[in-house]
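Read the single chain below, which is given as structure tokens and is the form predicted on its own.
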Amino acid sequence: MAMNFWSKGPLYNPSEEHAALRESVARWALANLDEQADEHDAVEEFNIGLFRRMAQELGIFGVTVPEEAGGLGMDATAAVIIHEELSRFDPAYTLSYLAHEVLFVNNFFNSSNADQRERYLKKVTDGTWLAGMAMSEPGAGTDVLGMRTTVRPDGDGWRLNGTKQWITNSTLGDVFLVYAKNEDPDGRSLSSFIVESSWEGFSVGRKEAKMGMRQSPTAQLIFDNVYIPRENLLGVEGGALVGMMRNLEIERLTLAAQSVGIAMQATEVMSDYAINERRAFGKPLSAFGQIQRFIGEAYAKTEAARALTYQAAKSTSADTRNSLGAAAAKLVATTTAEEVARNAIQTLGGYGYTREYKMERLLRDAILLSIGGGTNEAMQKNITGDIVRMIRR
């Protein structure tokens, strides 16, 4: 289902290339994601075959990588378009794409050297390898400086020890961008490394049984004295924090875009049901004020969240920081997705509570987006901090 009442125009499709990208992704998602989403949610397995086929058929890996390096050479708006359109049908599948494309590929390219790109980039942009990023730990999520995973020098490389928690693509991933703390007096020096899952000492912990995003695999990554050669250090030793924070902004924008996609789909489902499918007391459900409130607020709030997300994406790039816009977009869009999906279930009544109309799955998936990429409470803190720095006298 795709309805034509959503705003169009240059904010959402700044160029013909963006419009063509949206059309191709939307068409592919409708044909391929919708039909498999419920099945893979039920068995809690990632559709890795479809992921690799998407790489070949859509070619949307490396969207922010320059064309001369083998990517699409596009921008944050393009990344938002892709995540919005895919998430309308399967947010969990899209989350694994986000972990691969945004958390690894985008971050890797902006931090890597020519040799590293030669060794790894093609494998992750043609779908041969599934990738991810490992930052969070059992006792350190938003507080990244609280991480306990460490690296210590060993010959011409390092030894990696520690445990990462809540890692997307963990059970199937071939390569990960891993953050670890260096041995230094103040405990604030972080480095990032490219770590392959086939290396000795690398293991995957128990797969998490989750409320939502079930198709996207989540588990611990355990590093037991893993040897990392010098050539797998990203950037400079101890200099990972800048790249981490830069990449968090596009991550938050694409998580916001996922939320927008969920809200759009929920609005469409509830509107179609209330207008065309369900009647009560001889009238369409949409004739009743309570339902009009649900539909009206769903449309208005989704459009507002969508506009904020695209406006923030417009002013975000590898060279331009926009932490305030990214945090605001994530905060607004994620809360909107939960509210709209919940009200869609209320509109559909018993049908919304069952799996026939996929609303219960969309609501379960939406809840994760206010946690991942920095909790919404962290977004409130970050927004306030940015504003304080802007206006403090």
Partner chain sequence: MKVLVTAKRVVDPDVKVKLDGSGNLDLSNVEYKLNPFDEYGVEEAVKLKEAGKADEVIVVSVGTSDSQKEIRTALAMGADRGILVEVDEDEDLDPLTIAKLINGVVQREEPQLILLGKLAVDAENNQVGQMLGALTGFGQGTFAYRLDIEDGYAIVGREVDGGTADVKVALPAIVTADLRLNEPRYASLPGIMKAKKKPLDVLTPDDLDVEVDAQVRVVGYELPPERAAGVIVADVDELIEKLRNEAKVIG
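Residue numbers count along the first chain shown, from 1. All values derive from a computational prediction rather than experimental measurement.
The protein also exists as the form predicted in complex with its partner chain; that form is not presented, and the subsequent description refers to it.
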Which of these residues, Met74, Ile295, Val195, Met135, gets a heavy atom within 4.5 Å of its partner chain in the model of the complex?
Met74
Among Leu324, Leu58, Ile367, Ile48, which has any heavy atom within 4.5 Å of its partner chain in the model of the complex?
Leu58
Heavy atom distance at most 4.5 Å to its partner chain in the model of the complex, all of Arg152, Asn169 and Asp174:
no
Options 337 to 345, 58 to 66, 38 to 46, 355 to 363; stretch whose heavy atom lies within 4.5 Å of its partner chain in the model of the complex:
58 to 66
Hey, in the model of the complex, is Lys8 touching its partner chain, heavy atoms inside 4.5 Å?
yes
Heavy atoms within 4.5 Å of its partner chain in the model of the complex: does Glu16 have any?
yes
Quick check on Leu21: any heavy atom within 4.5 Å of its partner chain in the model of the complex?
yes
Wondering, does Arg52 line up within 4.5 Å of its partner chain in the model of the complex on heavy atoms?
no
Output the sequence-ordered list of residues from 21 to 45 with at least one heavy atom within 4.5 Å of its partner chain in the model of the complex.
Leu21, Glu23, Ser24, Arg27, Trp28, Ala31, Asn32
